[in-house]
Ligand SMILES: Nc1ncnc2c1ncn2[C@@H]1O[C@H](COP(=O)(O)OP(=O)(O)OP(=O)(O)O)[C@@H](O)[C@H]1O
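The data below hold one chain only, encoded as structure tokens and taken in the form predicted on its own.
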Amino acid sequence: MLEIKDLYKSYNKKFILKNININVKKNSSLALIGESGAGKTTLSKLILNIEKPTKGQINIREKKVNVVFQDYRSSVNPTFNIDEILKEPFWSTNIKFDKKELGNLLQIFNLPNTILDKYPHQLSGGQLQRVCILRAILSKPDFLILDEAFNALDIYTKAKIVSFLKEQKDLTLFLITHDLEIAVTLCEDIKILYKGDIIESLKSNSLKNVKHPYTKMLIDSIMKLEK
């Protein structure tokens, strides 16, 4: 689905990303974890062709790609109501908008039907973020990129949506996040990004053999929260 090979990105001769290699296979789920300033946002812009790499290659082999942006408020038209925002991706396609599917998803995402007549400024941050995730799911993508897509959600809603996403067996997921806990829950494979480098690759069901001190610190922080 996604292949990133020997990728570098620099600004003013300073490398933000160095020798990034990522391969997301079809029907798999991969999380890229890094703290603020690690280069996650830069990488998402490169993947979406918003910016160009200094060198290296990015190949996306699937046409039906959707993304939920970290800055979700700027990804919706403020003059559209929520019904129009959800239907907008269908306007330029021959795909029929499924009202029944919308009703089911509204329930899963804990959103009332009355929200459809409202405008973005009338919604809470958590509600609008859910609308953006729902919109991405409605058009049935093969490949979904989630860039810090859960940071405005409460724990209950987050868990419900993550559980729903895990059930979508025909969906390939690429999660970009700072949250190791949600990455472990949602994704099979994990890569740790630290100061522009991928320092470790892990399986979510096997976190005992980590080597890098930064990864150990992340795992320890989860263990403390669970106690």
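Values in this document were obtained by computation on a predicted structure and should not be read as measured data. Each residue number is its position in the shown sequence, starting from 1.
One more form of this protein, predicted in complex with the named molecule, exists but is not displayed; see below.
**Student:** Given a 4.5 Å cut-off on heavy atoms, tell me which of 33-41, 166-174, 184-192, 55-63 is the interface stretch with the named molecule in the predicted complex.
**Tutor:** Of the stretches listed, the one contacting the partner is 33-41.
**Student:** Could you work out which of Glu51, Asp197, Glu200, Asp179 is the residue within 4.5 angstroms of the named molecule in the predicted complex, going by heavy atoms?
**Tutor:** Comparing distances to the named molecule in the predicted complex, the residue within 4.5 Å is Glu51.
**Student:** Is there a heavy atom of Gln70 no more than 4.5 Å from a heavy atom of the named molecule in the predicted complex?
**Tutor:** Within the cut-off, so yes.
**Student:** Although the partner isn't part of this model, could you tell me whether Ile16 comes within 4.5 Å of the named molecule in the predicted complex, counting any heavy atom of the residue?
**Tutor:** Ile16: contacts the named molecule in the predicted complex.
**Student:** What residues of 89-107, in sequence order, lie within 4.5 Å of the named molecule in the predicted complex by heavy atom?
**Tutor:** The stretch 89-107, when checked against the named molecule in the predicted complex, contributes no residue at the 4.5 Å heavy-atom cut-off.
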